[in-house]
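The chain below stands alone and is given in structure tokens; this is the form predicted alone.
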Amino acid sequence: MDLFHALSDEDGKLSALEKKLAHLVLENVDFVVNSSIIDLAGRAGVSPPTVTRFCRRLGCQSFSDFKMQLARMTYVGLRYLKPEVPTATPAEVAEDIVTKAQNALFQLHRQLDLKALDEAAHLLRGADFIQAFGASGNSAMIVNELHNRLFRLGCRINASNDHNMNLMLSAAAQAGTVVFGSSFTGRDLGLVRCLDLLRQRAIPTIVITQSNSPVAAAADVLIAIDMPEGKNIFRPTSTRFAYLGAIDILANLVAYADRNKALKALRGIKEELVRHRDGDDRQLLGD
């Protein structure tokens, strides 16, 4: 049963009195969850039997069942039940997106653990092979970006976005391998399992994730990114700009850790692009 859908009366099935009760409930969820039927009836100015009939009208067996369903509904967060009114015009959307991206980068700069980044860069540069594990959208994009950044610096790297493949790669990892993992929530238990296995096999691990999370606790080196999510559920998360910024910083440190190796790889790539695509060196290193 979708109680929120029923309370919102998107199908226009509720009477005027029922709409009044539904509006009161949606505006006072915490009060209703913790109230008695007498409390709610008093707040709404109706009788307790009216509240009981209202609950049954919504598909609940009783007022107690209604409160249980209401409490369950709030698990997903009120911002997904009553989202803020988003900006609408192209100008407002552009301003919102760019501002949030800038804020994410400023927050990243203030909270960076430079020692952890330096340690991670030297682990990656010294690795014979790098495995990068991600899954579920944003984290998959981040490890693919790490692959995109590091291969051109002369690093041998593979990015994998499948939990089962990640586990098999962890079980097969050999000495000289370093594993990098990404998890925006820090609650990716599949990644935690891989990290635990890698620790047992003495394979160094690096993660970029939220601090004080299961993923963070399972890794050797933590690049922590802790940012609050906004209330506009329709806007793509700006946290990914912080992750991309951290990846760029890490890649730059990897390049500087062995400039000769990075330069040799970059020069070889650029020569091919100039010869077969660009005709000169003014274009980006990659399309």
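Keep in mind it's a predicted model, so treat the numbers as computed, not measured. Residue numbers here begin at 1 and follow the sequence given.
Below: the form predicted in complex with the DNA, not depicted.
Each of G45, T52 and R56 is positioned with at least one heavy atom within 4.5 Å of the DNA in the predicted bound form. Stretch-level contact check against the DNA in the predicted bound form with heavy atoms at 4.5 Å: of 242-250, 62-70, 255-263, 23-31, the positive one is 62-70. Taking a 4.5 Å heavy atom cutoff to the DNA in the predicted bound form, the contact residue among A218, M227, I37, A224 is I37.
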